[in-house]
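Below you will find one chain, with nothing else, as structure tokens; this is the form predicted on its own, and questions on how it binds or moves follow later.
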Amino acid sequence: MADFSPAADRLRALLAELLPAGAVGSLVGGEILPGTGEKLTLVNPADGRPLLDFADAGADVVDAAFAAAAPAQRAWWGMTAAARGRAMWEVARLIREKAPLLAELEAISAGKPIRDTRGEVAKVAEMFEYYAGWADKLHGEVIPVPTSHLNYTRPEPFGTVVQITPWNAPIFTGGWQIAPAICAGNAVVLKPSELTPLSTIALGHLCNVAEGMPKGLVNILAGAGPSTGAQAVAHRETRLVVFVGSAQAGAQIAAAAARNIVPSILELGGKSANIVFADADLSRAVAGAQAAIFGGAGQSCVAGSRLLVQRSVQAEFVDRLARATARIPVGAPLDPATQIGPINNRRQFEKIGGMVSGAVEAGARLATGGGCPEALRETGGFFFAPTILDGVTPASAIAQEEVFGPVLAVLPFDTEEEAIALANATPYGLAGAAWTQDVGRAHRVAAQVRAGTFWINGYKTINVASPFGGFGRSGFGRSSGREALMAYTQTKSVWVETAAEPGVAFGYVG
């Protein structure tokens, strides 16, 4: 018999309140369907022990999800726009009503600090509220064509869209994708990471039981990427594929979608540069550098994992940052004082440790951190102390490759031009920031750093109303704001002849 985590009982109690009969499986047509594939085990990141088992969805369940999505999408698109908006607002109301349960579920199953998951659940509700307001404001335009025609455009949904989301912020990224997709009139078949499916299944259930929402409009597949995810991407009814995750997996998924003649939206990794100039408010920049990389235990695509510091203040800044970082509380996800919880899974934990060891062997100086904190080693959890590596060279692996953990690489620079060149010296382009009191410099740097999001004297502020996405290897398309709605629609051009006696361009009048 498996040695289950003590948290397993609490997890099942939460599921009993959030899902029909507490069952774990794929949510299809408003019902939980058991998988038909191999057994998958969820592990508690805080102690390394099993939480529960479930079966991979399998091809039959994938087919059932698409069969449920098609009629639901037709019913949804047939409703008035105002009615769709009211239904989405009702989803948001249910999320707020269940917020304490959802936040606790996310903390246990994903290993995220409860202080973070409470905020993320609130943001998911905001997403549905924001897009509820857009539902009756999506419209085309009249084109002044030089003929006797009335030409107008209609933004129309794709139909059924497939969304694949990662393990680092499952309920947040689930809501981030579902809300604009259904606002634009689509049905959703979403496959969350097999490491963290529970909160997304719970979110999908709320979408199905909300008043006005057709059952089957939102379907959640519980399964592995190479099996269930690949089947969904290649399905004959798939009309758009949206992926959030690594660049390597994104390239494979985009290629699979292209073989199906289906467009894709990719939100991929990052190696974002956080630039500190000598004239910056260093106290604010120290706090900002911590938030940029250590929030979410560094398991964030937008993490400011490269800290570029002007050489004249580098020693002082790194010393202040290291002393402050050593005070950040690392611990159990449900402890309100915890700011950094465990790494989500053992494989990622070991990858982080290997990259840090490799960087030190290559000559980087370990300023703080470097492994599991002494006080947490007996827990069996995947805890990794916030780590700062100073004196990193631009071409080194730790400066070029995404770590996806609480590891900060510090690189010095002398001039503004050098800072910009270093910031752009990776194939990624998701985010970046600059800390300076020179207004002109702030805008010059923001204009020249290749990144989809750039902050000045701040970091990691995002909002559902603002477009989010990357440049280069960080992907394409946008997953929030008005731009996301446009990405989830197709434009139809309609031509109406208005002339009393239109000319005949070809043929004869019968």
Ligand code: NAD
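Numbering starts at 1 and follows the sequence shown. Note that the coordinates shown come from a computational prediction; the quantities given were computed from them, not determined experimentally.
In what follows, reference is made to the form predicted in complex with this ligand, a form of this protein that is not presented.
For residue 459, no non-hydrogen atom is located within 4.5 Å of this ligand in the predicted complex, even though that partner is not displayed. Remark: residue 243 counts among the residues lining this ligand in the predicted complex, judged by a heavy atom distance of 4.5 Å or less.
Contact annotation for residue 336: none of its heavy atoms lies within 4.5 Å of this ligand in the predicted complex. Interface membership of residue 386, defined by any non-hydrogen atom within 4.5 Å of this ligand in the predicted complex, is ruled out. Only one of 139-147, 122-130, 97-105, 218-226 lies within 4.5 Å of this ligand in the predicted complex by heavy atoms, and it is 218-226. For the options 455, 468, 54, 66, the one in contact with this ligand in the predicted complex, meaning a heavy atom within 4.5 Å, is 468. Comment: this ligand is not present in this chain, but in the predicted complex one of 343, 433, 430, 309 has a heavy atom within 4.5 Å of it, namely 430. Contact residues in stretch 243-275 (any heavy atom within 4.5 Å of this ligand, taken in the predicted complex) are 243, 244, 245, 246, 249, 252, 253, 267, 268, 269, 270.
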